[in-house]
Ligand code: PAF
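Below you'll find only one chain, the form predicted alone, shown as structure tokens.
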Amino acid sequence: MKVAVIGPGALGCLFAARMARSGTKVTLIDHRKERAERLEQQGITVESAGEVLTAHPSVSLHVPTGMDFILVLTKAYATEALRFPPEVPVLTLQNGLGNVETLCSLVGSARVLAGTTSEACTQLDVGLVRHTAAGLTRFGGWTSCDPTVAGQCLRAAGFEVALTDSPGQIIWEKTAVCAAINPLTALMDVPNGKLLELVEVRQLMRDLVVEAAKVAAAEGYRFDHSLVEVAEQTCADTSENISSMLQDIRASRPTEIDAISGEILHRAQLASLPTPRTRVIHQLVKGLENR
């Protein structure tokens, strides 16, 4: 099995390392030459529950040919700049909305697998990751792409995987949850679990989830469980995790706020739905980015 993983961040390193250790021939893709050379030399180290996993996947600036599938874990704002070899399935587990549509425009919908992962990681340094909580990885074909091979590969690497016929539903669910947790942790400069301890912030988190769920409903997505409860349980399960958005703010990097809150605002406008809390949160995080 040959797999390319695009994106050497926390999740990209976790997935690349675990697949490489399971026997998959992994190529980690990084657009930055200096960092790619460092990763090639030192490999990846993942700290998890007192254990340390090391792996040395190949590292490249471009996706090689002959891959069985390509896993996209780069930031959402980088998706449109990606380039792929022909005829290879592309699986996105990225945060936010709009990634699938962008990938469909690049490779065609029949080659796209889409979904989410709730694996929680913090990047400590280049190639050094702390795995703070295990999670579920769910995905399926956006139209007709068969997810079986990718599912088998990730299960063999020790990931809990569930295949779905409704990838759009699970992407919206995660986006609604991320739209509440990630910006608030970035603004408060706290780990996920702290949001449950602050009464006013916890209520704001709930309100943000409700706004996002209303926009999802306008696009035809209904949920048979409470997304507010999902968000609160996520905070509890990943209480020590530093969200990717907070990691970006601390490192003075661009965040994915436009692909999360920004996309919710855009789709709310199309549906003539008010989302005042989401708008303020979006503006505040954009302000943090531009300090």
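Don't overthink the numbering: it's just position in the shown sequence, from 1. Remember, predicted model here, so these are calculated numbers, not experimental data.
There is another form of this protein, the form predicted in complex with the ligand, and it is not shown here; the text below is about that form.
- At a distance threshold of 4.5 angstroms between non-hydrogen atoms, Cys178 is in contact with the ligand in the predicted complex.
- Heavy atoms of Lys174 reach within 4.5 Å of the ligand in the predicted complex, making it an interface residue.
- Within this chain, Asn182 lines the site of the ligand in the predicted complex, having a heavy atom no more than 4.5 Å away.
- Contact annotation for Thr137: none of its heavy atoms lies within 4.5 Å of the ligand in the predicted complex.
- You can rule out all but one of 243 to 251, 66 to 74, 261 to 269, 31 to 39: in the predicted complex, only 243 to 251 has residues with a heavy atom within 4.5 Å of the ligand.
- Although the ligand is not shown here, in the predicted complex the stretch 66 to 90 places no heavy atom of any residue within 4.5 Å of it.
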